[in-house]
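Only one chain is included here, represented as structure tokens and corresponding to the form predicted alone.
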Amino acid sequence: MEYGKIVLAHRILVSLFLLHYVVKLILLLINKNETLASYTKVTKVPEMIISAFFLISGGYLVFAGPALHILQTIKIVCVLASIPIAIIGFKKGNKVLALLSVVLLFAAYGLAEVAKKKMRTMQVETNEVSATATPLEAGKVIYDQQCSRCHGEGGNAEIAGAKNLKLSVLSAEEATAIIIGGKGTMPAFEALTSDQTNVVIEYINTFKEQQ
């Protein structure tokens, strides 16, 4: 299965998981204990299935994806902490713990969105590129900063569904459109200037020469 499809499936599972626990939390907070008990009993098996696939898909994305951003690491900690807290909170009818577990889940979701947005708007530190650098040297610096996490140093790592750049047949115009606009699981690097995009493409083209 493609990485992008697993990302989509994981997001759907996360949404269902959050919705389920929000319903349980509301019932607990308004003291609908009998309704909560009935709802918990009816949804026990679906909850187990959703939870299992939620954790499995999340684990896959961690190990098959690019190196984790600090915000993503905090997100994982929040999720793992929320599970035992939720079990104890809802089992004992502890409203504080139950609320805390849901807050942690929403915090994890929020951190994931912030990390994704940060990746999309990430700026290139131009002072790291020497003014006397050749286009290939400048392209390498930008590539290492922005692209190597998924494409790898040689362009063929294929992490998180990234395309093998050594096999790319895209024109410079097509490559530019994808870099600036994004495609699939690849974020849009709108912060790159046209000159920066051009030198990156020039550097990427060297991968084809190494075959």
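Source: prediction; values computed, not measured. Sequential numbering from 1, following the sequence displayed.
Absent from the display: the form predicted together with heme C. The rest refers to it.
Shown alone, this chain has one stretch from 35 to 43, 48 to 56, 22 to 30, 173 to 181 that lies within 4.5 Å of heme C in the predicted complex by heavy atoms: 173 to 181. Contact annotation for Ile6: none of its heavy atoms lies within 4.5 Å of heme C in the predicted complex.
For Val169, a non-hydrogen atom is located within 4.5 Å of heme C in the predicted complex, even though that partner is not displayed. The shortest heavy atom separation between Leu192 and heme C in the predicted complex is within 4.5 Å. Interface membership of Leu61, defined by any non-hydrogen atom within 4.5 Å of heme C in the predicted complex, is ruled out. Within 4.5 angstroms of heme C in the predicted complex, the stretch 145 to 181 places a non-hydrogen atom from each of Gln146, Cys147, Arg149, Cys150, His151, Ala160, Gly161, Ala162, Lys163, Leu165, Ser168, Val169, Leu170, Ala175, Ile178, Ile179, taken in sequence order.
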